[in-house]
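The form predicted on its own is given below as one chain in structure tokens.
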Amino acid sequence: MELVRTEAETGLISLSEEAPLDGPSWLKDLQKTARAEFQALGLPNRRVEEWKYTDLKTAMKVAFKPAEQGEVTKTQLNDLLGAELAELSTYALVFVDGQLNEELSDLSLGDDVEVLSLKAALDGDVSWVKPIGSVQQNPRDAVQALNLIMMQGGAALKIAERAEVNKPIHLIFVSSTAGESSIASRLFFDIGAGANVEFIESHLSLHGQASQSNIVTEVLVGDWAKVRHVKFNEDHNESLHLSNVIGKLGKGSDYNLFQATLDGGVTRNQVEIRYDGDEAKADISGVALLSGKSHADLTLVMDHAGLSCESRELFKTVLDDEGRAVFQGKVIVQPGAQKTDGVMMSKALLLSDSGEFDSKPELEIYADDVLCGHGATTGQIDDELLFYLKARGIADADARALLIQAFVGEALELIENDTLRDYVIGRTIAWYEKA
């Protein structure tokens, strides 16, 4: 039986067939397979269990054409970032419409860090980038397959063994197109054994236009390496933001990913972490603040294959108006992965009667000496606490803001960078004042 294609699917298939398969032969083979996968799967819909609450086939009406390379000045970039982020001491890697912009970027990261644009890495057939497109253990879904076919740019970073990167590396994605456009980017991080590095990731729009973003980040974390990654996005209310983080953790490694989502149209942050080595730790956390008709989906899989590994997941969501949030978390403990310690929690605070929170935590355990648990809560602002604050002279709006800040505070404390934590707290306050 022939599949019925939507307008968006027809457009995406046409664009994927036109996309040039550039690069070494191993990549072309992956892209040919991905093209066949996408044409067979189509856009995910509610009949696909992992996409039950985020029907992309319905949400995506049309396929935007790939963005053409635009121009962004340093002044425009600083204005978009705001004073707090612009003045933060970092190594900035700026991507304009998906392409690494060397003029705006700080490429003097020292001998311990190698940075290549994705095009340069693939054109040169650099040996250490060959895991691109094959880091994940699970079969590719349609969104990952589409990214592999359509990727316009991105970057590959190699951190040397035992490197201590003295400043955060700030990955700044800027959409410069005035009209509707799409961007497909891919990041590849090869973190050497014993290295210590921090990433910040920001997504900005120069003209505030609706866009379609498809970003895949592949991370190989070496033995005993420590990685901190904070992602922040605040998109247009008609934008589509699809993100995949796919990681493999070596022995004794420590990986921390924090994601902050403020409004936007439809946002899906998907995370797949595989514990390949023993005694590895990962903390995948975040906050989502959603108003209007914003929809944010956090789907993650923590796949424990090593001994004595630890996973922590904590997500806080605040919903106003008709905002909708989805949390799907799965902890898998493979046979033999004894002494696994996993805790997963999602909590939502509803500020209106029209908001919706869907939570589906799962444990899939094939070992007998483990400590794993999950939980989910949904509620409204406590009237007694609100009365307590107002009785002490605090205005109603200020009292509600304090309670919201306290609610998300437990998750925000997981951001180790003090300046960045204060920035996210400030954006939280600004969101409530705007909502």
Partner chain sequence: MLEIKNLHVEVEGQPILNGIDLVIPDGEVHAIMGPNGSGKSTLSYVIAGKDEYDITKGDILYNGESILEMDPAERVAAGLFLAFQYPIEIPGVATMTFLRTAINAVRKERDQEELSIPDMMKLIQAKAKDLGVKPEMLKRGLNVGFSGGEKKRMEILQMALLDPGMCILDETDSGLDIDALRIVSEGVNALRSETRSMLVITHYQRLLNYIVPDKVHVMSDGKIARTGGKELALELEEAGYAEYDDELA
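Numbering follows the first chain given and starts at 1. Fair warning: this is a prediction, and the values are worked out from it, not measured in the lab.
Unshown form predicted together with its partner chain; subsequent notes refer to it.
Note on the interface: of 369-377, 59-67, 46-54, 384-392, the segment with non-hydrogen atoms within 4.5 angstroms of its partner chain in the predicted bound form is 384-392. Using a 4.5 angstroms limit between non-hydrogen atoms, Ala40 is distant from its partner chain in the predicted bound form. At a distance threshold of 4.5 angstroms between non-hydrogen atoms, Ala406 is in contact with its partner chain in the predicted bound form. Although the partner is absent here, Leu27 is not a contact residue: none of its heavy atoms lies within 4.5 angstroms of its partner chain in the predicted bound form.
Contact annotation for 284-317: no residue has a non-hydrogen atom within 4.5 angstroms of its partner chain in the predicted bound form.
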